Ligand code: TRP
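A single chain, nothing else alongside it, follows as structure tokens in the form predicted alone.
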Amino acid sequence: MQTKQRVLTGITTTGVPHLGNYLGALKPAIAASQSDQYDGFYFLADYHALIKCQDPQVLHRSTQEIAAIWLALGLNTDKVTFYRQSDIVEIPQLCWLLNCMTAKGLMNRSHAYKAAIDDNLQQGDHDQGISMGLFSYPILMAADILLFNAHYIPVGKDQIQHIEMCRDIAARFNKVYQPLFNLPQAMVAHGEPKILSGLDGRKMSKSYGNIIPLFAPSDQLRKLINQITTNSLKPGQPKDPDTCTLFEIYNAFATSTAVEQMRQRYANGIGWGQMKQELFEYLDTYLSPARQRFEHIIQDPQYIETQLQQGAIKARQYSQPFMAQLRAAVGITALDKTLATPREKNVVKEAKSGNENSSILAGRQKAIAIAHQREAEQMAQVQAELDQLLAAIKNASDPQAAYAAQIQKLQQAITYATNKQSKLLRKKLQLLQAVVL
């Protein structure tokens, strides 16, 4: 019987982790792994990496480096389960089951997908460069989590949406089949920056090329810090630490006492060159012990592979029997076995008295009448909005162009709409397309 709370986290094997990855996922995950309160599962997300990386050499090298980073940061593989995603064959099996349970509308609201759509709209091609891997990324992430029934997922605040999606998917499976999944919760370290900024002030991201690698050598670390964008204020002029990337990074790593002292130095007008030197020295000292361990471990790939294989054996001791249970729950099992008794919702309910049945029938009829009334009101609203739209189109200098623009605008709105909104927008689009100018 599982008694400890299970913590699970992974990192995608593209490139090398940067300071933002460390703060958002690695640091809280390592801290959780040291506690006897938790049962830790930590993995290398190499299937996820295929969404962005189609270079086998890069993927292979990155997997080795990220595994070495986990080990260098102090992950105790005797105490936790450390594995490679692709070694757990039950993950893609569960991913398909969850695909069949997930509404497309839920995936439409994924931040990563919406960001890709927004970029494409500026170029005129709605789906350019968007693979099904990118679109359904949150479902694979849900499979990673739910296969091991994790309770807590250490993430940065920008990843909380994916945990909420995972909960939605798990709840639907539990309702349709059997209550087999925990509903996981995001574990966000208190006081961490929402999203750590990179060299150019935007979110630190590999896709922007503005990262500071976690274990960059001292010379490279100094050069990257010197590239961080600052304003034109001169030494001696007071500066706002809360709008400065240098201070943001310093604040993420330094002690509270050091941060308050640095805040005062900003008020006193510390020069940018001096601040960059201070940040470099602090980070270099902070990261040096783990960086040295990393440089030693990366030279022994056989040791890294052995750690991963041992972790996969431990992980599959749980995933194999649980996947068999999940398969049986959906009806995929040996034909000589009897399926579990249908859930309560399918069991014939006790007969009710005549008065109870009459009351239920009256309630249903009232609900139907209210639904019809609401539908009529909604359609009246759609028609009124359509009339305003047509009037604007006819008064435009180029009605045909205005008509085409409104069609495109409605199609885009449908992409991001909730199910309820989408129904009304589709009806409006259908009525507009039926108009002959």
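In this text the structure is predicted, and so the values were computed from the model without any measurement. Take the two forms, superpose them, and find the largest set of C-alpha atoms that agree within 1.5 Å; that set is the rigid core. One-based numbering along the sequence shown.
Another form, the form predicted together with this ligand, is not on view; read the next lines as being about it.
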- Task: With this ligand left out here, work out from 371 to 379, 44 to 52, 27 to 35, 400 to 408 which stretch has heavy atoms within 4.5 Å of it in the predicted bound form.
- Result: 44 to 52
- Given this ligand in the predicted bound form, answer whether the residues 10, 137 and 145 all have a heavy atom inside 4.5 Å of it. yes
- Message: Going by heavy atom distances of 4.5 angstroms or less, which of 97, 141, 225, 204 would be at the interface with this ligand in the predicted bound form?
- Response: 141
- Message: Can you work out which of 185, 182, 159, 120 has a heavy atom no more than 4.5 Å from this ligand in the predicted bound form?
- Response: 159
- this ligand contact at residue 155 in the predicted bound form, heavy atom, 4.5 Å: yes
- Query: Would the C-alpha of residue 21 be classed as shifted by 2 Å or more between this form and the one not shown after rigid-core alignment?
  - Reply: yes
